[in-house]
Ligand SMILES: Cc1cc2nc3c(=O)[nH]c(=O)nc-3n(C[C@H](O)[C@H](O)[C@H](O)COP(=O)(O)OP(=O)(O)OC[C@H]3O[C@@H](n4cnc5c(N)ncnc54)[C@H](O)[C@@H]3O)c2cc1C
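A lone chain, given as structure tokens: the form predicted alone.
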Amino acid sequence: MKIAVVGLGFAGLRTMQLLEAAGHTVFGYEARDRIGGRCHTVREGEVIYEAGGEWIDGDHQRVLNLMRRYGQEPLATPSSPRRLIFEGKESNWDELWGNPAVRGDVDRFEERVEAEVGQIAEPDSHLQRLIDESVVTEEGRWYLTAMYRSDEGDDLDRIGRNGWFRAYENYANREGGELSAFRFPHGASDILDRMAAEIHGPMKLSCPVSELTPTGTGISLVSAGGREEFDAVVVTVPGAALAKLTVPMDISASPIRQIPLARAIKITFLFRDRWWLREGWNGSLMYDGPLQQFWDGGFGETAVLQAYVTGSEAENWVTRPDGLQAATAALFQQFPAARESHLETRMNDWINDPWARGAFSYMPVGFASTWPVTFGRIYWAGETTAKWNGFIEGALESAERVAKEIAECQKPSHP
């Protein structure tokens, strides 16, 4: 079969690999001038950091196996205690867990989750309400809100309770310590480049697709490069990011075109050296200020702190004309020691990125179950469609599903 793959991030490249291994002729289309989609490693001489997705959970076996296929071992996240700042008071994980009132809030929330997992609420509500109804202290409310807001990528009053419980089943067998356990040792783009090098079919960059039309015997695809006919098309781009893509009515009306992407950004601070190490701190922080959380995002000798900001606060940053200056001022106010070593502040705005319109998918209020992801000869993949939605693991999972579906369609029917 002659198959087109639209979108060349992890889902698209893995789909091309699997389809070529099955004997198909595969063409790749990418609107950007690079592969990778919402994963992108910035490399400027000695400066290396992730502008997009980077975290790998300890049980994301597809990602871990992919790295090892290319002779790499995952880079472990530092295990020393994260700093916490709430209402001007500083603590760390150990002190937080030693606070019986906060621990009680967390225990009540987790007990309620365990009791209600698998249950569908009618009508649906949101995750913030579930937290608010479980806690009695403001510190406990902040801690749980900050943790899950970071995980979901948006304000929790946008995260549907039913959809969140569906995703929670991924974590049922965890023993602890799996969350954000690893990063790519040489950046996500290094793995993406290695994947692309194994693909034989052409990959057309700066070539957005604008129309998909069934022809009876296949699919007519219109892109910036013209019109071409295919036996099937796999779309790996989030439906919400394809507002200008003309598709058949059944796809236009599908929830797959309506699943939102999280309002999440990264603000990257470049320094001459890792000044935070001199203060006995590994760079990891979560606090109730406007920059929400930090970590050491550099590779090798790169001295980088990255702030991860989500929800309405992220939208505030990207709409401010003085956003970079204000972010730098907020950094200096919180950490005076950063001023002397600071070189530059950058912002990676995924909210307004024309080919993403957000960082990763989440299930809003009212979305609790699965929906069609195959429409005749048009297949939809990407993390939005996966059980591990919101993760690179989900992107790879979706590629496996699509390759299997196409293989099943090729089997001869029997009476």
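The model shown is predicted, which means the values in this text are computed figures rather than measured ones. So that there is no doubt, residue numbering starts at 1 and follows the sequence shown.
The protein also exists as the form predicted together with this ligand; that form is not presented, and the subsequent description refers to it.
- With the partner left out here, this ligand still marks one of 348-356, 66-74, 372-380, 41-49 in the model of the complex; by a 4.5 Å heavy atom cut-off that stretch is 348-356.
- Taking the partner from the other structure, this ligand in the model of the complex has no heavy atom within 4.5 Å of any heavy atom of R166.
- In the model of the complex, R32 approaches this ligand with a heavy atom inside 4.5 Å.
- In the model of the complex, no heavy atom of G160 sits within 4.5 Å of this ligand.
- Contact between G187 and this ligand in the model of the complex is not found at the 4.5 Å heavy atom cutoff.
- Looking at 235-267, the residues that come within 4.5 Å of this ligand in the model of the complex, counting any heavy atom, are T236, V237, P238, L245, A264, K266.
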